[in-house]
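The chain below stands alone and is given as structure tokens, in the form predicted alone.
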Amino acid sequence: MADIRLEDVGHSYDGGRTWAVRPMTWTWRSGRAYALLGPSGCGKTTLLNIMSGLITPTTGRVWFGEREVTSVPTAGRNIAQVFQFPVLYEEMSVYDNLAFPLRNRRYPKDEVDRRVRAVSRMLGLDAHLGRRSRRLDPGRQQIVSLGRGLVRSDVAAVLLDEPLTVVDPAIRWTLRSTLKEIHRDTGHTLVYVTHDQTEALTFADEVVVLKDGAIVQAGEPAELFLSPAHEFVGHFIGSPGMNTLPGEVADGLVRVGGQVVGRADEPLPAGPVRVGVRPEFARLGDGPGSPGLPAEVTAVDRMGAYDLVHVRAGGHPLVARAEAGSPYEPGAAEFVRFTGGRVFLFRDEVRCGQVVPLNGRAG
């Protein structure tokens, strides 16, 4: 295993008029589990296929450790790739499909059997080993495809392109936990493409967020949730995502709808900003607080474990999270407080500061 290093790598499908992946330099460290997260069309699969060798990038170089592999085909890169839909030999049994990558590389017979049975056990395939793959439902076929990608112990990396799309939602959670277990067992470098934030946040050591072909932030799941460095990350991660309100900075004070909500934690040029706060850090109270805004309740979503309270604050919509069974009703006048030292300022979508109380410091 080795680091996978992208050196000024970019790709265009139309001769450079537009970029599916904007030129970037990035390193995927050996032995780590990564989630490559972003919306459809942001370049996730293109980036994965550049790493696997299915696509030669328009610009830049790809390195596996000290070896440049930019023009090396997939077969010469010693990687395993799992696609969004099953790729199997349908007339082979499940056992033979799992064993095929090992036999193809002349693993000893007892090692083949040991690896196949270990992966089968982890993926819940023991009862299906003797069945022909074509007789399985599509979700089970995809689990076999996943097993084929994970069965080898000697690969440089395992690249997974939305591998659970066709799998029954009821067993996805178990499979995500299984993937983490297999990763601990093998120490493979895993890169897992997904548009599902739950998959990304529960699976990965590090989440890499992609937007319009560029990486906008990478970090541990808690870091992305608690400290978004880009407005898009705040919106995309979280359910619901981060509230953003138009505001102004002047003389160090931050205003929303003409109301002072605090001060910037560092000097900023006067002008417009976006003020971001997650529902988890927006609390409704019965009196003014700092920072915060007068608000009117417009709707309440009773989610069971908690309530989501929709308000208009400073003339703009905002969602606050409250305890289940909260007393809030549409039409009520309230005051929304910002808590936890987690109120951020953005300009041109990039975080430029934080809001703190007039006499306090950021938490």
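As the structure is a computational prediction, the values presented were derived from the model and not from experiment. Numbers follow the displayed sequence, beginning with 1.
Form predicted together with a small molecule: not shown, discussed below.
> Select from the listed residues P317, P327, G41, P330 the one whose heavy atoms reach within 4.5 Å of the small molecule in the predicted complex.
Looking at the other structure, the residue within range turns out to be G41.
> Indicate whether the small molecule has at least one heavy atom within 4.5 Å of a heavy atom of A20 in the predicted complex.
Yes, A20 is a contact residue.
> Would S52 count as a contact of the small molecule in the predicted complex, using a 4.5 angstroms cut-off between non-hydrogen atoms?
S52: no, not in contact with the small molecule in the predicted complex.
> Contact between T45 and the small molecule in the predicted complex at 4.5 Å, heavy atoms?
Result yes; T45 sits at the interface with the small molecule in the predicted complex.
> Though only this chain appears here, would E162 touch the small molecule in the predicted complex if you measure heavy atom gaps against 4.5 Å?
Contact check for E162: yes, within 4.5 Å of the small molecule in the predicted complex.
> Just one of 305-313, 332-340, 60-68, 32-40 has residues with a heavy atom within 4.5 Å of the small molecule in the predicted complex, so point it out.
Checking each option against the 4.5 Å cut-off leaves 32-40.
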